[in-house]
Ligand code: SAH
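Here you get one chain, nothing else, as C-alpha coordinates; it is the form predicted alone.
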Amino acid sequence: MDPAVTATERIRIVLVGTQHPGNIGAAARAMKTMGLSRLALVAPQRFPHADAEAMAAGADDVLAAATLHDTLADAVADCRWVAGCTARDRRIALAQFAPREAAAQALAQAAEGGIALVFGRERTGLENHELQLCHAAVHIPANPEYSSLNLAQAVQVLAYELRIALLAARPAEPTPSPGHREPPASHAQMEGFFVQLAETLDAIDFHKGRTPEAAMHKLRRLFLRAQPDEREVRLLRGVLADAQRMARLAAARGDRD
(Lines give C-alpha, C1' and ligand atoms only; values in the text may rest on other atoms or scores of the structure.)
Protein backbone atom coordinates (compact mmCIF):
# COMPACT_ATOMS: atom_id res chain seq x y z
CA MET A 1 0.00 0.00 0.00
CA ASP A 2 1.12 3.54 -0.76
CA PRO A 3 2.59 4.97 2.50
CA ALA A 4 0.89 8.31 1.78
CA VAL A 5 -2.50 6.59 1.60
CA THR A 6 -1.81 4.78 4.86
CA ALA A 7 -0.91 8.07 6.56
CA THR A 8 -4.03 9.92 5.36
CA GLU A 9 -6.23 7.07 6.57
CA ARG A 10 -4.74 7.46 10.03
CA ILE A 11 -5.20 11.24 10.20
CA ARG A 12 -8.44 12.46 11.74
CA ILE A 13 -9.78 16.01 11.80
CA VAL A 14 -11.91 16.59 14.90
CA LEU A 15 -14.29 19.55 15.23
CA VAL A 16 -15.52 20.24 18.77
CA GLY A 17 -18.82 22.00 19.53
CA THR A 18 -19.18 23.56 16.07
CA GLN A 19 -21.93 26.19 16.16
CA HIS A 20 -22.51 26.89 12.46
CA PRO A 21 -23.22 23.86 10.24
CA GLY A 22 -21.82 25.69 7.20
CA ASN A 23 -18.40 25.57 8.85
CA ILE A 24 -18.61 21.78 9.04
CA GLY A 25 -19.28 21.60 5.30
CA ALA A 26 -16.52 24.08 4.51
CA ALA A 27 -14.07 22.11 6.69
CA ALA A 28 -15.01 18.91 4.83
CA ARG A 29 -14.29 20.68 1.54
CA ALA A 30 -10.93 21.91 2.86
CA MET A 31 -10.05 18.37 3.88
CA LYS A 32 -11.00 16.74 0.60
CA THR A 33 -8.97 19.21 -1.48
CA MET A 34 -5.89 18.04 0.45
CA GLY A 35 -6.65 14.31 0.32
CA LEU A 36 -8.05 13.90 3.84
CA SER A 37 -11.31 12.08 4.49
CA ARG A 38 -11.67 11.23 8.19
CA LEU A 39 -13.86 13.77 9.98
CA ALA A 40 -15.10 13.44 13.57
CA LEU A 41 -17.67 15.80 15.09
CA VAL A 42 -17.98 16.29 18.85
CA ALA A 43 -21.37 17.59 19.99
CA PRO A 44 -22.09 19.86 16.97
CA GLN A 45 -24.99 22.21 17.60
CA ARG A 46 -26.68 21.45 14.25
CA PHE A 47 -25.80 18.43 12.14
CA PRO A 48 -26.86 17.04 9.71
CA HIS A 49 -27.93 20.32 8.10
CA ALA A 50 -28.56 21.67 4.61
CA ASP A 51 -25.98 24.44 5.13
CA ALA A 52 -23.28 21.84 5.78
CA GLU A 53 -24.17 20.04 2.54
CA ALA A 54 -24.19 23.29 0.57
CA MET A 55 -20.79 24.43 1.86
CA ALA A 56 -19.23 21.00 1.31
CA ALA A 57 -19.41 21.68 -2.45
CA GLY A 58 -18.72 18.13 -3.57
CA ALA A 59 -17.21 16.77 -0.36
CA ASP A 60 -20.49 15.08 0.53
CA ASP A 61 -18.69 11.76 0.99
CA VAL A 62 -16.58 13.27 3.79
CA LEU A 63 -19.76 14.52 5.52
CA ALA A 64 -21.54 11.20 5.04
CA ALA A 65 -18.65 9.30 6.63
CA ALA A 66 -18.24 11.76 9.55
CA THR A 67 -18.54 10.18 12.99
CA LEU A 68 -20.51 11.80 15.84
CA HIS A 69 -19.29 11.77 19.46
CA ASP A 70 -20.54 13.13 22.76
CA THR A 71 -17.06 14.01 24.07
CA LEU A 72 -13.58 14.68 22.74
CA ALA A 73 -12.26 11.75 24.78
CA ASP A 74 -14.57 9.44 22.83
CA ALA A 75 -13.53 10.93 19.49
CA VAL A 76 -9.80 10.36 20.07
CA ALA A 77 -9.92 7.20 22.23
CA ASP A 78 -8.05 5.06 19.68
CA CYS A 79 -5.45 7.69 18.73
CA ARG A 80 -1.77 7.61 19.72
CA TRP A 81 -1.15 11.36 19.26
CA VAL A 82 -3.57 14.31 19.57
CA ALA A 83 -2.85 17.96 18.79
CA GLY A 84 -5.22 20.83 19.56
CA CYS A 85 -5.32 23.96 17.40
CA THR A 86 -5.41 26.93 19.75
CA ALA A 87 -4.16 30.47 20.30
CA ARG A 88 -0.63 30.64 21.66
CA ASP A 89 -0.71 30.78 25.45
CA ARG A 90 2.35 30.57 27.68
CA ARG A 91 0.14 29.09 30.43
CA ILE A 92 -0.59 25.98 28.35
CA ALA A 93 1.74 23.24 29.58
CA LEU A 94 1.99 21.60 26.15
CA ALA A 95 4.57 21.44 23.42
CA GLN A 96 3.51 24.14 20.93
CA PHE A 97 4.07 23.79 17.19
CA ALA A 98 3.58 25.92 14.12
CA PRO A 99 1.45 24.20 11.44
CA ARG A 100 4.46 22.96 9.43
CA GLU A 101 6.10 21.49 12.53
CA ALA A 102 2.79 19.95 13.60
CA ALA A 103 2.35 18.33 10.18
CA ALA A 104 5.79 16.73 10.42
CA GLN A 105 5.02 15.45 13.92
CA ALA A 106 1.63 14.14 12.80
CA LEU A 107 3.12 12.16 9.91
CA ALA A 108 5.82 10.70 12.14
CA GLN A 109 3.22 9.60 14.69
CA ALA A 110 0.87 8.29 11.96
CA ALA A 111 3.54 5.73 11.05
CA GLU A 112 2.58 3.84 14.22
CA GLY A 113 -1.11 4.62 14.75
CA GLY A 114 -4.01 7.02 14.49
CA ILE A 115 -3.56 10.74 15.12
CA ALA A 116 -6.05 13.58 15.54
CA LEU A 117 -5.93 17.30 14.85
CA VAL A 118 -8.55 19.00 17.01
CA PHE A 119 -10.31 22.32 16.38
CA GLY A 120 -12.52 24.06 18.94
CA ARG A 121 -15.59 26.23 18.91
CA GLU A 122 -15.77 29.24 16.59
CA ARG A 123 -15.82 31.84 19.37
CA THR A 124 -14.16 30.23 22.36
CA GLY A 125 -11.95 27.47 20.94
CA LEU A 126 -11.00 24.45 23.03
CA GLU A 127 -11.63 24.44 26.77
CA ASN A 128 -8.84 23.70 29.23
CA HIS A 129 -10.08 20.20 30.08
CA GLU A 130 -10.12 19.42 26.36
CA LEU A 131 -6.55 20.66 25.90
CA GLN A 132 -5.55 18.35 28.75
CA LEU A 133 -6.41 15.46 26.43
CA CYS A 134 -3.89 16.67 23.84
CA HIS A 135 -0.20 15.83 23.49
CA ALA A 136 0.59 19.15 21.79
CA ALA A 137 -0.87 22.50 20.76
CA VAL A 138 -0.80 23.97 17.25
CA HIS A 139 -0.67 27.73 16.76
CA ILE A 140 -1.22 29.42 13.38
CA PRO A 141 0.98 32.57 13.39
CA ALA A 142 -1.62 34.93 11.92
CA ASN A 143 -1.42 38.74 11.89
CA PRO A 144 -1.58 39.67 15.61
CA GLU A 145 -3.58 42.79 14.74
CA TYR A 146 -6.24 40.68 13.01
CA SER A 147 -5.87 37.03 13.88
CA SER A 148 -9.50 36.02 13.35
CA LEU A 149 -9.32 32.84 11.29
CA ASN A 150 -12.54 31.13 10.26
CA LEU A 151 -12.76 27.51 11.48
CA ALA A 152 -12.63 26.09 7.95
CA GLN A 153 -9.67 28.35 7.12
CA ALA A 154 -7.77 26.94 10.10
CA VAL A 155 -8.57 23.40 8.94
CA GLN A 156 -7.37 24.34 5.43
CA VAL A 157 -4.03 25.63 6.77
CA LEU A 158 -3.31 22.40 8.67
CA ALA A 159 -4.60 20.19 5.84
CA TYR A 160 -2.35 22.02 3.35
CA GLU A 161 0.72 21.56 5.53
CA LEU A 162 -0.07 17.86 5.89
CA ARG A 163 -0.41 17.60 2.11
CA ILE A 164 2.94 19.30 1.53
CA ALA A 165 4.62 17.06 4.11
CA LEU A 166 3.13 13.95 2.48
CA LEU A 167 4.27 14.99 -0.99
CA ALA A 168 7.77 15.72 0.28
CA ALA A 169 8.11 12.43 2.12
CA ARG A 170 10.14 9.77 0.35
CA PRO A 171 8.69 6.28 0.54
CA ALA A 172 10.98 4.11 2.62
CA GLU A 173 10.82 0.87 4.51
CA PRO A 174 10.12 1.55 8.18
CA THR A 175 13.18 1.07 10.36
CA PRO A 176 12.42 -1.29 13.24
CA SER A 177 12.98 0.17 16.68
CA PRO A 178 15.06 -2.32 18.69
CA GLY A 179 13.03 -3.79 21.53
CA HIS A 180 9.94 -1.69 20.74
CA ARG A 181 7.56 -3.82 18.70
CA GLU A 182 4.50 -3.60 20.92
CA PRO A 183 1.63 -1.44 19.58
CA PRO A 184 1.62 2.09 21.03
CA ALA A 185 -0.86 2.69 23.83
CA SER A 186 -4.11 4.21 22.62
CA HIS A 187 -5.58 7.41 24.03
CA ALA A 188 -8.24 5.38 25.89
CA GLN A 189 -5.57 3.15 27.45
CA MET A 190 -3.62 6.20 28.61
CA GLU A 191 -6.76 7.77 30.09
CA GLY A 192 -7.48 4.52 31.98
CA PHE A 193 -3.93 4.61 33.34
CA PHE A 194 -4.34 8.24 34.45
CA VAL A 195 -7.57 7.40 36.32
CA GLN A 196 -5.78 4.58 38.16
CA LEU A 197 -2.76 6.80 38.83
CA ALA A 198 -4.96 9.49 40.41
CA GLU A 199 -6.72 6.86 42.57
CA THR A 200 -3.38 5.41 43.68
CA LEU A 201 -1.94 8.80 44.63
CA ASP A 202 -5.04 9.40 46.77
CA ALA A 203 -4.75 5.93 48.35
CA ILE A 204 -1.14 6.48 49.45
CA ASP A 205 -1.86 10.08 50.55
CA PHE A 206 0.74 11.40 48.12
CA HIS A 207 -0.72 14.91 48.03
CA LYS A 208 -0.62 15.40 51.85
CA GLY A 209 -3.64 17.69 51.77
CA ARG A 210 -2.44 19.69 48.76
CA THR A 211 -4.56 20.20 45.65
CA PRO A 212 -3.98 17.18 43.39
CA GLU A 213 -4.67 18.91 40.05
CA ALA A 214 -1.23 20.50 39.61
CA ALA A 215 0.64 17.24 40.24
CA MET A 216 -1.66 15.28 37.93
CA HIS A 217 -1.22 17.84 35.15
CA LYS A 218 2.56 17.47 35.37
CA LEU A 219 2.37 13.69 35.51
CA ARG A 220 0.05 13.64 32.48
CA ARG A 221 2.55 15.71 30.52
CA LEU A 222 5.40 13.41 31.57
CA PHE A 223 3.70 10.17 30.52
CA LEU A 224 2.20 11.59 27.32
CA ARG A 225 5.64 12.83 26.34
CA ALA A 226 7.09 9.37 27.00
CA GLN A 227 4.48 7.72 24.72
CA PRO A 228 4.56 4.27 26.35
CA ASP A 229 3.46 1.23 24.38
CA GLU A 230 0.67 -1.16 25.43
CA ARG A 231 2.99 -3.51 27.34
CA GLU A 232 4.58 -0.60 29.24
CA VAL A 233 1.16 0.73 30.24
CA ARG A 234 0.17 -2.74 31.47
CA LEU A 235 3.39 -2.83 33.52
CA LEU A 236 2.70 0.60 35.01
CA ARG A 237 -0.87 -0.36 35.88
CA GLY A 238 0.43 -3.52 37.55
CA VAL A 239 2.72 -1.41 39.73
CA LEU A 240 -0.22 0.84 40.64
CA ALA A 241 -2.40 -2.17 41.46
CA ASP A 242 0.25 -3.47 43.88
CA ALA A 243 0.55 -0.03 45.48
CA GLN A 244 -3.23 0.12 45.91
CA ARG A 245 -3.27 -3.36 47.48
CA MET A 246 -0.52 -2.42 49.93
CA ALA A 247 -2.38 0.77 50.83
CA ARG A 248 -5.54 -1.24 51.57
CA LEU A 249 -3.58 -3.69 53.75
CA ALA A 250 -1.96 -0.83 55.67
CA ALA A 251 -5.34 0.78 56.20
CA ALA A 252 -6.81 -2.51 57.44
CA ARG A 253 -3.94 -2.98 59.91
CA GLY A 254 -4.44 0.57 61.12
CA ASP A 255 -8.13 -0.09 61.71
CA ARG A 256 -7.34 -3.21 63.77
CA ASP A 257 -4.79 -1.33 65.85
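Quick note: we count residues from 1 along the sequence shown, nothing fancier. Nothing here was measured: the structure is a model prediction, and the numbers come from that model.
Separately, the form predicted in complex with the named molecule exists; it is not shown, and the next lines address it.
Across the options 71 to 79, 161 to 169, 102 to 110, 132 to 140, residues that bring heavy atoms within 4.5 Å of the named molecule in the model of the complex belong to 132 to 140. Although the partner is absent here, residue 185 sits far enough away that none of its heavy atoms falls within 4.5 Å of the named molecule in the model of the complex. In the model of the complex, the named molecule sits within 4.5 Å of a heavy atom of residue 87. For residue 116, no non-hydrogen atom is located within 4.5 Å of the named molecule in the model of the complex, even though that partner is not displayed. None of the heavy atoms of residue 93 is located within 4.5 Å of the named molecule in the model of the complex. Contact annotation for 95 to 133: residues with any non-hydrogen atom within 4.5 angstroms of the named molecule in the model of the complex are 118, 119, 120, 121, 122, 123, 124, 125, 126, listed in sequence order.
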